[in-house]
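Same protein, same chain, two forms; see structure 1 and structure 2 below, as structure tokens.
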Structure 1
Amino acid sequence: MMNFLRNLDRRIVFLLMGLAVAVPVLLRASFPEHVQPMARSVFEEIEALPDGSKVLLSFDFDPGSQGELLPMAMAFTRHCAEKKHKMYFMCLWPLGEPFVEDAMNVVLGLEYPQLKYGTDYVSFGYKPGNEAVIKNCIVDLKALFITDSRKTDLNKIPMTANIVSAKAMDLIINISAGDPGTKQWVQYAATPGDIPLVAGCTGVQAPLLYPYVPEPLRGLLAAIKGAAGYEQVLNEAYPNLAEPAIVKSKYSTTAALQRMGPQFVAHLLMVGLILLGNIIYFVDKKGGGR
């Protein structure tokens, strides 16, 4: 047995790792998540707002980062919908606009049909200009966005008729894959405009954004781990979201939790193989072998 383990074919290791990832994916397995303080602070920041507050959501990512960021973007949308917040969507990345449309049409349209476009949520769409867009948003929003994404005059939409600038928002939520993203929202909106800000970002960005927490960045979800923690606390607070019968769209309310499943099993396998390798080493050393 020891000789078999000592000479284990690497293809068997590859097969085990493939199974460790594939089986949880196929079974849509999820495990209880330990909620980090940062994820809880993001939840509490949104939860503490009075129902019907104005929230600006900026989806600043593209398909290359949707594996990490799409679950948290949809979780943010559901949380705001549960709180009946007024949602103002926009994006600084051109390929972020389809995700805004998915949030409105797939999540809100199917799961919250009582919410109406123009009354409960609206999209400004994509606007080029990077941080210049943010700078203009906190001065004169309508000078920049004359119409919504559907080419309707903002003055004719109930939600935007009396909005002058982003300073009217009670909270900004940014989901970011890079620049422009959370750093620019901190520098050009949250700080000069004194607007509360929470964000979600990719794993590689998180170390660069931690210095902004807790002020002016009130909370940060880092990668799929942060998204899973946020889903966990959100589903605990709103049990109806965790019921499969309620999930009518292709975007599951436990999407991030399910994506943590393969990571958990794969990490266990890696630790087990490392321990096994060390056991074989010490057994051989004790026996006088190489």
Structure 2
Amino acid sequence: MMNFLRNLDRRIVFLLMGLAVAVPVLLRASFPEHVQPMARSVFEEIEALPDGSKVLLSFDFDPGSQGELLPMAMAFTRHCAEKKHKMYFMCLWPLGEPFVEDAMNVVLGLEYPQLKYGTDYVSFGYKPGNEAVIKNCIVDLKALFITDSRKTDLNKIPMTANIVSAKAMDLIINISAGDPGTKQWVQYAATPGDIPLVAGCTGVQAPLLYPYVPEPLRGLLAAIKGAAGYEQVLNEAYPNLAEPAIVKSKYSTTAALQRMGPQFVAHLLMVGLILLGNIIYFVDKKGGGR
């Protein structure tokens, strides 16, 4: 037995991990979610804004990170819609634009038909240039964005006609999978422009971004755990989001919460495997080493 464990084929570990994730997904297993203070502070930051405030949402991620970031992106969109905030969408990643379109067409278009493009939300689309785009946004937005993503003159869209720069925003929400992302929004917008910023990021990025909390980053949703906490607070505050039709929709209001079940089982397996590896190591060491 010990010999089998000592030479355990890595493919068996992969198979176990696959089962640990697949079975809870199939069973829709979920566990009670403890909301972290950070998720609550992100919620409070958006909630505390007066209705109709201007919010800039930058979707800086691509399909490779959608598992972690899309639930929080859609939750941010719904929260802004519930608060009737004016939403200005943009992205610094070229593959982020389809998610902006989905947020507008699928979430806002179907769930909030009373909100209209041009008066309640608008998309600047994708612009190449990384941090230079952010710098331009806080100096002279229209020098860079002449038209919206549908090629309409920004001066002819009511909610952008009088916007000079991103400094007019009451809050910036950034969903980031890397560079350019939250770090650049901190460096080029939040710090020099003194604009409130909250963000959601991948797990890999989180340790690098925590030092920016609470100044100048007002709150940070780290990975799927942060997204699940935020969804929980949001659904508690707005019970209409827990309606079965929305929960079962393409972009469910409990997407992140549903993904915490497989997380729990997979982490148990990970901890078990680490313990097993250590036990084998110490047993071998006691037995004279191999």
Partner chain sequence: MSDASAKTNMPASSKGAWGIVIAVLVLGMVLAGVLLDAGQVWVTSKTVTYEEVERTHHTDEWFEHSQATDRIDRDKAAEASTLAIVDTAQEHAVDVNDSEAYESVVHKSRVRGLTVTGEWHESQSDTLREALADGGTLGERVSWEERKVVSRLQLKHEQMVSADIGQDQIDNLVSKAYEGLQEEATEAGLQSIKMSAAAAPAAGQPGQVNIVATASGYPAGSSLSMNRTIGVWLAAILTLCIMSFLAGDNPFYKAAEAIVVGASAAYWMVLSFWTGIVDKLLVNLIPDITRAWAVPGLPESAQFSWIYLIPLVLSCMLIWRLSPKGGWIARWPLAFVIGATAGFRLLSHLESDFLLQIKLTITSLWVVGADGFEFWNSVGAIVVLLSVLCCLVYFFFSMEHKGAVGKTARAGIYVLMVTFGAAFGLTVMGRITLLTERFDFLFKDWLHLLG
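None of these values were measured; they are calculated from a predicted model. Here, rigid core means the biggest group of C-alpha atoms that superpose within 1.5 Å across both forms. Structure 1's sequence is the ruler for residue numbers, which start at 1.
Between the two displayed forms of this chain, it is structure 2 that matches the form predicted together with the partner chain. This chain moves as two rigid pieces, and the smaller piece turns through 26° between structures 1 and 2. We note a C-alpha movement of 3.1 Å at Leu27 between structures 1 and 2, with the rigid core held in register.
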